[in-house]
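Given next, in structure tokens, is a single chain: the form predicted on its own.
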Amino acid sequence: MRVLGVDPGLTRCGVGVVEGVAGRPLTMLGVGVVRTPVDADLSHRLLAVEQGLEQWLDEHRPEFVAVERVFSQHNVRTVMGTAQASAVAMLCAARRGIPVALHTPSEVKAAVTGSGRAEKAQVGAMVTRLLRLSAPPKPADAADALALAICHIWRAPAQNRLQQAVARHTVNATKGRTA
């Protein structure tokens, strides 16, 4: 499974591609940050994020895109920019027919470190260890993008089984009502 992780942001949008399957060593295929100038018009910044993500999609051809779910922050301007960059990432994936999964920051931290309250340094250290890197990816947005991809690879099989079980239950419940 090849996953593009996206840590959305308007100034720095972290991106990382990881390949592998749950229970086996994972491989980092690429990591970086799509940057936009702070003083640029919002529409141009969103366009720059879109162009940067399209380049990553072209180069790495992921099977899935994992995006950090936007959560409420105290700074409304920050959360708006994050939400807009997140929407651009989902749009880029949808345009190509690539499934998108949203993961909360605490889900990602728990998957990678074992604690949903882990600090950024802990996430970076575990990403470094799990991907057998010589140093943590910089900036933290890049490490977070890799953590999102890792989280998706590890959680997707269980999520798929759960969705299939719910679908079977729904079908069976429907059949029971019509019989």
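Start at 1 with the first residue shown and count on from there. What you see is a predicted model, and the numbers here were worked out from it, not measured in a lab.
Same protein, other form: the form predicted in complex with another copy of the chain, not shown, and the subject of what follows.
- You can rule out all but one of 140-148, 127-135, 36-44, 106-114: in the predicted complex, only 36-44 has residues with a heavy atom within 4.5 Å of another copy of the chain.
- Heavy atoms of every residue among V70, V79 and R95 are located within 4.5 Å of another copy of the chain in the predicted complex.
- Contact residues in stretch 80-115 (any heavy atom within 4.5 Å of another copy of the chain, taken in the predicted complex) are M80, A83, Q84, S86, A87, V88, M90, L91, A94, R95, V100, L102.
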